[in-house]
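Only one chain is shown below, in structure tokens, and it's the form predicted on its own.
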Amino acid sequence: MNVDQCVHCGLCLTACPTYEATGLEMESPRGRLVLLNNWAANANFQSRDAAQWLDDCLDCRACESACPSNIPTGHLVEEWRSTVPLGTANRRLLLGLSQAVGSPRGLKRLQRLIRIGQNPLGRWALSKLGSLLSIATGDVLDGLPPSILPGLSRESLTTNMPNADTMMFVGCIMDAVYNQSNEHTAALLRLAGHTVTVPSNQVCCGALHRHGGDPATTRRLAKANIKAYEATGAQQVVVNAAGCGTTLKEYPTLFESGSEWHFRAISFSRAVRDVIQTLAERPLAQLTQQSTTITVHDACHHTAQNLNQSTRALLERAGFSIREMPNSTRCCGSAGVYNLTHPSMGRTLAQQKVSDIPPETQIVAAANPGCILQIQAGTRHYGRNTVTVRHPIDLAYDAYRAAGYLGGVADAT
């Protein structure tokens, strides 16, 4: 690992959520770079404390935006995680997730389990199971939407439409938990004049696996998605989850430079676009201003893609007035499965995020499923029960449907 470029300037400190929460140098990006260097150089340094400080990294990438030396600290931590044994809760959880999110069949099982967790008895049972596995399932269950429609979004959207200009990437959690958001995404894309195809053989993007130190599985999933895209002949791959979008755009880094899969990944990554970007290129009609008060949480991986202003532009075009949130780019503590495996830090960051929600706000817009879950749970834990967390696409869809531009998903298809 090459960490020698760090000049220890400290510009990363205020960008790092874990350092801000603890004040510990070893919980900062530059501290972790020192740890990584020592870990690689001296086996005697490979202690439990050092491993914990490294594994506490959220991989939010905020430090990378602040770093004048452009050190990819997040990727370096990912590489480190791939070298340590599958002994921590984070890695054990990933083994189960590989089965759950790696196929439509696994996603259906996951959806059934989550729906069980929406009733009190089921929630109690899953919380107890999580406690036995050292996983904070209860926190995530508190953030679930009131109801989840049975069935995956790909089942209602799947089409191998020839000559479609857009392949829609449905993801895994978006496919199983926020399936209506995927349907709304397809409807808005069609309203903007795009023809949409949703291949049934697409799979999870692999973000959870890569962040958790399982690049081999991420590589396998990447190949499947690249093949699915190539078979469509589409000009772009549109995604509505910030974390998925970043991973999809970084597929070339998974493969050896100059290899066949590297070149295929480059072509794929150049086609990937967030739905916010795509809708900005063909702006929808300007709607009259609404009375609903909303604020925006900027998901870490939206910030990494420079999409924050585009998100606001879409919402304002849909008629929403935005009340800015202090520290809107600060990580909410979800970070893939981080809120499950690091509940203490996850709760600290969730509480900070909830405290930043401006008074009288009715809705928080967040463009990543993990963020929606985490912040919604936080509002219920920390005294903001009247606040709802929703995807910007859902807000835009409701606004355009109310204005008569959409007659429902079925009509849009």
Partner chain sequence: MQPKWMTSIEEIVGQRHVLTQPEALATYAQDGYTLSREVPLAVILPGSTSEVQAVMKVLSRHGVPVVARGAGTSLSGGAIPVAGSVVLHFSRMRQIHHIDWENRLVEVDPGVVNQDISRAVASEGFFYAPDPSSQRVCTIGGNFAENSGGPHCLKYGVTVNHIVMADIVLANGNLRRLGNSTADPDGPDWLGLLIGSEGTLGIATRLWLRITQRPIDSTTVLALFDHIDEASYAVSEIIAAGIIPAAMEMMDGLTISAVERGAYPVGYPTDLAAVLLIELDGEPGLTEHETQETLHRLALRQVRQVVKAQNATETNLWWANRKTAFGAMGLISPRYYVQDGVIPRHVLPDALKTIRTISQDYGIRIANVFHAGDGNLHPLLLYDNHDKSEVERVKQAGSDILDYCISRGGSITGEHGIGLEKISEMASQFNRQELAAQRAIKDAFDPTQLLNPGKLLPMPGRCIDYAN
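Since we're looking at a predicted model, the values are computed, not measured. Numbering follows the first chain given and starts at 1.
Omitted here: the form predicted in complex with the partner chain. The next part is about that form.
Proximity to the partner chain in the predicted bound form, defined as a heavy atom within 4.5 Å, holds among T361, T388, S65, T348 only for S65. The closest heavy atom approach of Y382 to the partner chain in the predicted bound form falls outside 4.5 Å. Among residues of the shown chain, A402 is not one whose heavy atoms approach the partner chain to within 4.5 Å in the predicted bound form. Although the partner is absent here, L35 is a contact residue: one of its heavy atoms lies within 4.5 angstroms of the partner chain in the predicted bound form. None of the heavy atoms of D394 is located within 4.5 Å of the partner chain in the predicted bound form. Look at 189-197, 67-75, 280-288, 239-247: in the predicted bound form, residues with non-hydrogen atoms within 4.5 angstroms of the partner chain sit in 67-75. Residues of 14-34 lying near the partner chain in the predicted bound form, listed in sequence order, are T14, Y19, E20, G23, L24, E25, M26, R30, G31, V34, the criterion being any heavy atom within 4.5 Å.
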